[in-house]
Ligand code: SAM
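Next up: a single chain in structure tokens, the form predicted on its own.
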């Protein structure tokens, strides 16, 4: 069992397969020239399997594959096939551009739930955010996932200047599609230009929703990062990820592996442990994992304060989001 010093049990591992992406969203990727890790620096399929096996032996039973864009790995099918042999629930976060290519692999591996990152339903705004003209392909692949009975959650970063114009459009999707639309409060990472004035809070968005719809708060699941609501007469639901206004560190069960095999015990933490180098050097992985879990801070990586208005983004020691993994 992976138990930290605050008695939190960790059974959920998020594995970044690559720090490459076919989109260029500024809240994720730094504006300066960004150089991705080379092939030999990344975990190989067998190394991903070996590291995941060790985490499973220590109590992990859920794995989310992330990126960058995880489907950009040419060996994604191999990775998925290997870890699907383990006694774990596998989920995926993707921008959905390549979902149609890997649909059969996802089914074969028993993947039931897919999170799709999409920040606009307007083709022009989508291009402005992602710098790619791929809206229709993304939307068609969302529909493809629904047609094939996947549970689909849309991850929407609530960026001031955009979300005000499209918030109700996203909610209207849930009337005709069984989607969970999740609005994420804008979070600070290296190079993404964050400041507190750019945050649109969950309470603001909930007020917007209540002006047009009848919402009912749903029970929060253990370890939930979302506050979820049913909308009367809708097939889907709406949820808010309130990292900036009401963190959920109290029962956090998540650990992370970056694409080059560094373990992070918190999204906002600066501490990292190089598991891949240890694996390649035939060193003990178990002791390093235990050490990292024990060093986990009580809240927000020990770097952020609960009042987001008082956060100095320039003082945070961390990576860009694309380097950490979604």
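None of the values given here were measured: they were computed from a predicted structure. Positions refer to the first chain, counted from 1.
Although not depicted, the form predicted in complex with the ligand is the subject of the following passage.
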*Could you tell me if all three of 208, 226 and 229 have a heavy atom no more than 4.5 Å from the ligand in the model of the complex?*
no
*Okay, which stretch from 79 to 87, 103 to 111, 165 to 173, 152 to 160 lines the ligand in the model of the complex, with non-hydrogen atoms inside 4.5 Å?*
152 to 160
_Please determine whether residue 252 contacts the ligand in the model of the complex, using a 4.5 Å cut-off between heavy atoms._
no
_Residue-level contact is defined here as any heavy atom of the residue lying within 4.5 Å of the ligand in the model of the complex; does residue 187 satisfy this criterion?_
yes
*Answer for residue 261 alone: is it within 4.5 Å of the ligand in the model of the complex, judged on heavy atom distances?*
no
*Partner proximity in the model of the complex: residue 265 to the ligand, non-hydrogen atom cutoff 4.5 Å*: no
*Though the partner is not shown here, which residues of 291 to 326 have a heavy atom within 4.5 Å of the ligand in the model of the complex?*
321, 326
